[in-house]
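Only one chain comes next, encoded as structure tokens, the form predicted alone.
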């Protein structure tokens, strides 16, 4: 059973009398354990698609099934629970609270879900990204790569089934970006499904599959033949 299934997914925006079709009739499936990159030029619809897959927006028409559930049938409270427990989010700009420690930033989704703080769970999540000793540091005391690792740890705290990443290396230098991709590959190797938006060819080659969008339409869908594996043995730092 696929974790993601879209059928004729379409998203239209209205700006006065102007109609902008950001996505047009997009259909594909993502099986559990896949690592898929979404590529396309600016305005191709890739961020719009990721927002739909992350249940941050609703399509104008078409069907999106997440774990075989039609997302359009869910109410706002149910959608909030799905976003908090089933999906982990990683953004280009990290979105960390500046005056809050790394550990407390990682714990935030637990508070939103009503589970309360758990230092042990937060430390375990930081350990998965190699930052278990940095929990007391503020974001300003961390490098860009470390901040993105904290953001990934935060996305993992509720053990999501799906990780969606929007340009996760966009603010990082090439070496640090490689480190972050190594972490994502390690998570995928452990069974996590990952869908990532990127405009960088070399970053997309870390995924197992790439779909290309152009003008809101699905242009191609292909497996990565010469996949880049982080490090000699493909393990994260």
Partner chain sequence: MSIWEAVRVALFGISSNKMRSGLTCLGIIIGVGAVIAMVAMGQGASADVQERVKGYGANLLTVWPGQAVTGRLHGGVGSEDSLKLEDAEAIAEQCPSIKAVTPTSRSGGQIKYGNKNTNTSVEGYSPDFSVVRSHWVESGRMFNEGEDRANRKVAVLGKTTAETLFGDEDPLGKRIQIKKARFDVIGVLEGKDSTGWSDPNDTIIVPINTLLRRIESKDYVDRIYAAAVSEDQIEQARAEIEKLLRKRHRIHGRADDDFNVRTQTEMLDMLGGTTKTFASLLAGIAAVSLLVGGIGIMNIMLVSVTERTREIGIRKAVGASRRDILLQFLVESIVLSVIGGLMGIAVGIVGARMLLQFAGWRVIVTSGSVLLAFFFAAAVGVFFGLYPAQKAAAMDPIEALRYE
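Since the model is a prediction, treat every value here as computed from it, not as a measurement. Positions refer to the first chain, counted from 1. Superpose the two forms; the largest set of C-alphas matching within 1.5 Å is the rigid core.
There is also a form predicted in complex with the partner chain; it is not shown, and the following applies to it.
The partner chain is not drawn, but in the predicted complex it has a heavy atom within 4.5 Å of residue 96. Contact check for residue 143: no non-hydrogen atom falls within 4.5 Å of the partner chain in the predicted complex. Contact between residue 154 and the partner chain in the predicted complex is found at the 4.5 Å heavy atom cutoff. At least one heavy atom of residue 108 is located within 4.5 Å of the partner chain in the predicted complex. Within 4.5 Å of the partner chain in the predicted complex, a heavy atom is found for none of 205, 223 and 228. When the partner chain is considered in the predicted complex, only one residue from 188, 51, 176, 60 comes within 4.5 Å through any heavy atom, namely 51.
Counting a residue when any of its non-hydrogen atoms is within 4.5 Å of the partner chain in the predicted complex, there are no hits in 184-212. Relative to the superposed rigid core, residue 159 undergoes a CA displacement smaller than 2 Å between the shown form and the other one.
Here residue 78 counts as shifted, since its C-alpha moves by at least 2 Å between the shown form and the other one after the core is aligned.
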